[in-house]
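Here's a solo chain for you in C-alpha cells, the form predicted alone.
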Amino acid sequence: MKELDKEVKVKVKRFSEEKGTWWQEYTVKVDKYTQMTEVLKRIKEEQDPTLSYRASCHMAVCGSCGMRINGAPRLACRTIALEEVDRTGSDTIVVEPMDGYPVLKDLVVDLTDFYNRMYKVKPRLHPSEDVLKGKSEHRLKPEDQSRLWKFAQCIWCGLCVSSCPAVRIDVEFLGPAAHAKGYRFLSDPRDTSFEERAKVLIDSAWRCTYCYMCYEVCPRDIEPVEAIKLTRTYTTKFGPTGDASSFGERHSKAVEESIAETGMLQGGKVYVKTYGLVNSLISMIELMKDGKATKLIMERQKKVRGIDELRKLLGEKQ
C-alpha cells in the first residue's frame, strides 16, 4: 500500500424491485485524488458487478452522477473520498440515491419528472425568421452575455430539485433548474418567445419559498434562486398569470406601503391587503381559536424616527 493510500468503508443504500431496500458495505483503497465516481467504479469492477449507478464524463460536465454523499446532494465526480473522511472524521462514507425522485435501482433514479419540468420552459433559443433564413445574424452585447452566462451553465444534474422542499409539495412549481434555464432565455434579447416564456415562468416563480437550498447544492454556482427573483420582476410588465403571482404581487406592494408609511412591517395590514378582507376574517377566526389573534388586534406600531429619510431611500430604489 502506498504511503498516502488509505482504506475507507463505503456504505451504499441499495434498492431493487425484487429485494426492496437494504444497506451494503464495501472496503476500497483510495488516495488523495480518488473521486467517488472512481470509488464506485472499483466496487463495481472488482467486488460487486450488480451495483448500479450513473456516471459519464467524471469532470462535472454531464451531470449524470448526482447522489447523496454523507447526507448532502452532490456530484460524485466532484467529491474526493479522503476529503469526505477528513470532513466528517469517519472512515465510512455513506452513499444514497438523490432524494425526491423514484429510485429505479441502487443509485439510479427516474428523472422523467425533472426533464418534463425543464422542457416546459422551452430550453432553447427561438431565433427570428430572418436569422433562420440567413438574412441577418444573432447579435449579443457583451453586457448581455455576461448577465446570461451564469444561467447557461446548468448541466441538468437535478441536485437543486432534489434539495428543493417546494417542488415536493407544489406540482405547479417548475423547480429551480427549470427557472434558471427559463430565465436564461427569457432575458436573452435574441429570443422571440418572450411572452410565451413569461406566461409559463411568472406564476411558478412566486411559488418558490426562498430557502436557498438550490444555491447551496448547485455544483456550477448558478444560483437558481437569483433567476427566480429576477423572473418575479417581470410580473409588473405582464401582470399576474395565476393565483401565486396575484398574491405575491399584492404582498410585495403591501410590504412596500407598510414600510413607506411607518418604517416597519405591519403584519396585520399586510395580511389583509394580500389576502383580502373575507379571507383575513376567516384566518382571524382560526387564530382566535388558538389564542394567537391578540397580538394582531392590538397592533399599534409607531412610525420609526427619520421616516422621511427612509421614504427618500425607497424613492431612490424605485
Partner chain sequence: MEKLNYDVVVVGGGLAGLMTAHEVASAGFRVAVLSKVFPTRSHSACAEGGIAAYMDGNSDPSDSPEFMVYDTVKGGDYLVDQDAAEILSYKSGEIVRLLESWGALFNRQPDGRVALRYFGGQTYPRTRFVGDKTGMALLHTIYERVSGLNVDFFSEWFTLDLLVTDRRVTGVVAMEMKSMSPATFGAKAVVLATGGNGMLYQHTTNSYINTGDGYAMALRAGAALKDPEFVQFHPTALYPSDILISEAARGEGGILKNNKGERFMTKYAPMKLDLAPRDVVSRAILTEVAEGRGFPGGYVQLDLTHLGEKYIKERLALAVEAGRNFAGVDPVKEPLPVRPAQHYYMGGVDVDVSGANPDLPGLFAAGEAACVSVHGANRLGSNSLLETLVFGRETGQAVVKFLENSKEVRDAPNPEKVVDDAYSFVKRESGVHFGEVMKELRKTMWEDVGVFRDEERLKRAVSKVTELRKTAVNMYVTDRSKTYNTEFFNALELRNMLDQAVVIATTALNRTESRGAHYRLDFPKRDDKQWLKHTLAYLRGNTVEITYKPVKITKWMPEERVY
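Positions refer to the first chain, counted from 1. Please read these numbers as outputs of a predicted model, since none were measured by experiment.
Beyond what is shown, the protein has a form predicted together with its partner chain; the following relates to that form.
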Review point. For this chain shown on its own, do 37, 77 and 142 all sit within 4.5 Å of its partner chain in the model of the complex, going by heavy atoms?
Key: yes
Exercise for review: Choose one stretch from 154-162, 194-202, 225-233, 238-246: the one whose residues place a heavy atom within 4.5 angstroms of its partner chain in the model of the complex.
Suggested key: 154-162
Review point. Would residue 149 count as a contact of its partner chain in the model of the complex, using a 4.5 angstroms cut-off between non-hydrogen atoms?
Key: yes
Check your understanding: Hey, in the model of the complex, is residue 220 touching its partner chain, heavy atoms inside 4.5 Å?
Key -> yes
Review point. Can you check whether residue 166 is within 4.5 Å of its partner chain in the model of the complex, heavy atom basis?
Key: no
Check your understanding: Going by a heavy atom distance of 4.5 Å, is residue 120 a contact of its partner chain in the model of the complex?
Key -> no
Practice item. Scan 60-90 and note down the residues that get a heavy atom within 4.5 Å of its partner chain in the model of the complex; none is a fine answer too. Key: 60, 61, 62, 63, 64, 77, 78, 80, 83
